[in-house]
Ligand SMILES: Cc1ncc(COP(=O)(O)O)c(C=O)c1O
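A single chain, nothing else alongside it, follows as structure tokens in the form predicted on its own.
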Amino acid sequence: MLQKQNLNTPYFMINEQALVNNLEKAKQLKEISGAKLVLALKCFSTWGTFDTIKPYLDGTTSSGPYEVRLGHEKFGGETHAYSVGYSHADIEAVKPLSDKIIFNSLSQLNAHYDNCKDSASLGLRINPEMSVAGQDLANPARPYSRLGVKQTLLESTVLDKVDGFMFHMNCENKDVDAFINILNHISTTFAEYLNKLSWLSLGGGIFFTYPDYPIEKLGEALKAFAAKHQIQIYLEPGEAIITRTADLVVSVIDIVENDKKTAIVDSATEAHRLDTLIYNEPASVKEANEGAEHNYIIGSCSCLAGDQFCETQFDKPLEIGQKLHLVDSAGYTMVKLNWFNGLKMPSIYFEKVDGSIEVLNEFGYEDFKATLGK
């Protein structure tokens, strides 16, 4: 049996019990609201965990052809296909695998309609021109957004081609009242369409697994909306399902000093935790104690000068060889891993409820080489 103390860093450790805890909240939301939930593979596609997730959710939603295929093959249930832009080859790939195909624009819908109309239930992404997103980079309703169709461009004839709409306008939204405000806006602004559609996806980014989140209030709001418009609601959770379920475990390999001490670890934000760099959101370290005596920058081993995980404090000086746990490292990490600097790719492990550790993947030089040529 694998033992944590014998595992070589860097690696991701996914905790099954923490995953189940989130999934139980998803189950509660489904029971209250009547909504169906499909896992957003753009956030988390680690299919070795799907046997744990499948009993709780209704399927998967995707942002590209490979995710569609993975969801169809490894998850089952409903397979929703969405893309900002489908090529003809993309459509041919996803058409036989998808229960729903959602288009980003009217031009895409019109271009592919005849080819898809008998293969799946078709949908259209709508821009509600309202959102709850903390950063402009992730705001789908930002000015000049390419994501979805504005209400002023819609005509009732679109209902001859689609069965559903998709709205996505949240990003880690912990405020149920802010979501309900947008829900009311959608209900009023798009009523003439909603009352004739059979399904509606409200996207992801609703952080209903956040501690003390009022799941009952969210569930009742969704239930009332569905009853008002006689429509099946879908949610597309990603981060909500896997938040606080995994650590990226690294080792201190050097400590350097230039006015401040930097503990260099055997990982990198640009290669292994890219959103830390993109969104300038510092990682949290399990072993740290904010405000304690010993201050360190946790720096990566890449050559990018600004590549660091965070700056934080510890009760004791760090030592070379010491392991650190970068917590909450499941979402948008494993799906974004890359080979920058030829760094060792983190292994992926799954700690089961019974305490055993399952190897989901380990990577080596041949994997690195294979990405760059035959």
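Position 1 is the first residue in the sequence shown; the rest follow in order. Computed from a predicted structure; not experimentally measured.
Not on display, but discussed next: the form predicted in complex with this ligand.
- Here the chain stands alone, but in the model of the complex its contact with this ligand, taken as any heavy atom within 4.5 Å, falls in 235-243 among 174-182, 113-121, 235-243, 86-94.
- Using a 4.5 angstroms threshold between heavy atoms, Met166 counts as touching this ligand in the model of the complex.
- The shortest heavy atom separation between Arg125 and this ligand in the model of the complex is within 4.5 Å.
- Using a 4.5 angstroms threshold between heavy atoms, Lys42 counts as touching this ligand in the model of the complex.
- Interface residue remark: Tyr332 is counted as part of the site for this ligand in the model of the complex, having a heavy atom within 4.5 Å.
- Checking Gly299, Gly71, Gly204, Gly148 against this ligand in the model of the complex, a heavy atom within 4.5 Å turns up for just one residue: Gly204.
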